[in-house]
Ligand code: HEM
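Presented below, as structure tokens, is a lone chain in the form predicted on its own.
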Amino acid sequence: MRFKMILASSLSKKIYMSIAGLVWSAFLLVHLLGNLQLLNPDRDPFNKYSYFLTHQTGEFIYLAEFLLAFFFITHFLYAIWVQIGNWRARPHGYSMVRWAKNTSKRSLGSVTMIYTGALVLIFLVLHLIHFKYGEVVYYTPKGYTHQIRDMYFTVMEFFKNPVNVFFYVAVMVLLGFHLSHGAWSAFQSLGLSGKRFTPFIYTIGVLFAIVVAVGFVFLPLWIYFTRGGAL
């Protein structure tokens, strides 16, 4: 009973959400760095990178995918739990939003966390459908004697459609708002705060959100306007 009470406590929920959020933040950065290979007009580097992750990492890839899925789903469920608790505590809500001043960090990102999180969840499902479980085209890259999936082609074809580009960019902007609050508040929930340290982690969190959002926004726009999605 005591263990269940600890898990259900507000502090425990915030700590777990912080850890799960930081895991996903790290994944987003690594994912972005890997996707930068799409800027290369040669399809081989990106496809070989994709093939390495899916076929040459052994059981590790399944463990990583399981952990990412677990952290994402539980993070979202905890967020709903916390949000419902907040709504019950403040049934009439706020008459207005006062933006961050002095020590307050209330912002657009903080007041829309549950909504941007829900949209990101929907996007993630669609993203997996379009890419991981989407059209499969094979080819033989230079230096290989066997065929591998041409994920580069799949991405280029997807971003040939301006509707897809608009949707992707819009969600990445929302992700930026989500991260702008989530990244720094995660460290604060883990106890890394103070008069001097809080402004530092806040700045780092916002910069991280900008880098990730701009990076993921730039890629589809670059593909569409410079390549048109055509190989």
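None of the values given here were measured: they were computed from a predicted structure. We number the residues from 1 along the sequence you see.
What comes next is about the form predicted together with the named molecule, which is not displayed.
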* Structure fact -> Answer among 127 to 135, 141 to 149, 155 to 163, 113 to 121 for heavy atoms within 4.5 Å of the named molecule in the predicted bound form: the stretch 113 to 121
* Within 4.5 Å of the named molecule in the predicted bound form, all of 21, 24 and 186 (non-hydrogen atom) -> yes
* **Heavy atom of residue 182 within 4.5 Å of the named molecule in the predicted bound form** => yes
* Does the named molecule come within 4.5 Å of any heavy atom of residue 17 in the predicted bound form? -> yes
* Asked: Are any of the heavy atoms in residue 38 no more than 4.5 Å from a heavy atom of the named molecule in the predicted bound form?
  -> no
* Asked: Using 4.5 Å between non-hydrogen atoms, is residue 28 touching the named molecule in the predicted bound form?
  -> yes
* Asked: Judged by heavy atom distances of 4.5 Å or less, which residues of 61 to 85 approach the named molecule in the predicted bound form?
  -> 72, 75, 76, 79, 82, 83
